[in-house]
Ligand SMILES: Cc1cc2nc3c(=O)[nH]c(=O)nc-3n(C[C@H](O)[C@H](O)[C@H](O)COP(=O)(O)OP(=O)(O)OC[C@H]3O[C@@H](n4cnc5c(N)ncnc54)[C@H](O)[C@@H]3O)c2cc1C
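Okay, here we've got a single chain as structure tokens, the form predicted on its own, with questions on binding and movement later.
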Amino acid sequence: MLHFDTVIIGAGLLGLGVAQRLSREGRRVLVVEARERPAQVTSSRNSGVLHAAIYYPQGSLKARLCLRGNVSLGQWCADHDVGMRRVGKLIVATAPEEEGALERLLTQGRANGVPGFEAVDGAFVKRLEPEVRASAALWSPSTGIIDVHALAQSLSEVAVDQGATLALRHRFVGGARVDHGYRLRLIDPQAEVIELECREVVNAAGLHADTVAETFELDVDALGYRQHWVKGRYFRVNAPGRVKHLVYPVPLPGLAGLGVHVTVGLTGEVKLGPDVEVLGQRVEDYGVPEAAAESFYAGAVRYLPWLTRELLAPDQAGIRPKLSQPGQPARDFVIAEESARGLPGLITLAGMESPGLTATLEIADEVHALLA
């Protein structure tokens, strides 16, 4: 029987972040990942944005951990040669009736402590982005973009260098409480069952965090851990370098998400997205149909007047785990130690959507504190 101090289920950015944090102190850490490589699902299928904590309710985990993570993850990237650039973000109003929403966002961002966050006029926007149409805007200089794959590699390398073990192509299939810890069952690449024991378990299973929680007999519906899969598609704009900053529209009332926005890559590529498609079934479908370009064009041409339908081409898609259903208020992260439910040393991470990437190191610190 194999024995570890801590087993982490899932080698996305959060699982890897927790692994590097816990292995730093000599814990025997095992990271279990069903895929052939780390960070292949939610972690790598997003905008790669280093957020500034503008949108989240004051005092929420999302606000606090994002604000701190903007600094700590930026420093990690500098220390480990991970590509990162603070390109800044514009949130633009294209008509006077949208400018009231800018005031509300400015109040929210300043309440959260976002550094340098300010209201600017159309002339400011024109200086930064001559081809973006805006009557007024908000400017966030601390927002940036990150090479997500390099970040995952750096977290993995640090964790392994500190003694953590990474078990790729190993699928978690069950767990139960035993004396002094947990007994887990895995399926290895040869389809053999492996049993091991550990003192602590961190459920960082991303899209499947709620089903993993159920294997430990947690009532995920009663606890509010049930996740709903929401797909976000992206279209590439075949005009590299034409936009140099992140550009977001004013979030429209009743819209699930932040609206179709512009993201830029470290090498100058320009994308629109993501949109919001609630999936009725849990199927990892990452297709992006050509016909969806119409809605992306309609959403972005309001502030990119030069955009044409012909410039758009299907790009990637991702799926994010949301705790709230359409029409319900947004939910905060769940970072829970389950002693109150008879499962000491079990940590549940659920609803790990944006700004989970930005908060990677801070979520790891939260987990460490709960296990300490």
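Start at 1 with the first residue shown and count on from there. Just so we're clear, the structure is a prediction, and the values are computed from it rather than from any experiment.
Missing here is the form predicted in complex with this ligand; even so, the following discussion is about that form.
Check: Using a 4.5 Å cut on heavy atoms, which of 346, 54, 304, 32 is close to this ligand in the predicted bound form?
Finding: Residue within 4.5 Å of the partner: 32.
Notebook entry, point to check: Hey, in the predicted bound form, is residue 41 touching this ligand, heavy atoms inside 4.5 Å?
Noted result: Output for residue 41 is yes: heavy atoms within 4.5 Å of this ligand.
Checklist line | in the predicted bound form, residue 172 touching this ligand (heavy atom, 4.5 Å) | finding: Although this ligand is absent here, residue 172 would touch it in the predicted bound form, with heavy atoms inside 4.5 Å.
Notebook entry, point to check: Do residue 45 and this ligand come within 4.5 Å of each other in the predicted bound form, heavy atoms counted?
Noted result: Flag for residue 45 set to yes.
Check: Hey, in the predicted bound form, is residue 362 touching this ligand, heavy atoms inside 4.5 Å?
Finding: Judged by the heavy-atom cut-off of 4.5 Å, residue 362 is well away from this ligand in the predicted bound form.
Next item on the list: Counting only non-hydrogen atoms, choose the one of 205-213, 130-138, 264-272, 102-110 that falls within 4.5 Å of this ligand in the predicted bound form.
Entry: Every other range fails; the passing one is 205-213.
Next item on the list: Can you tell me which bits of 1-31 touch this ligand in the predicted bound form, meaning any heavy atom within 4.5 Å?
Entry: Counting only heavy atoms within 4.5 Å of this ligand in the predicted bound form, the contacting residues of 1-31 are 9, 10, 11, 12, 13, 14, 15.
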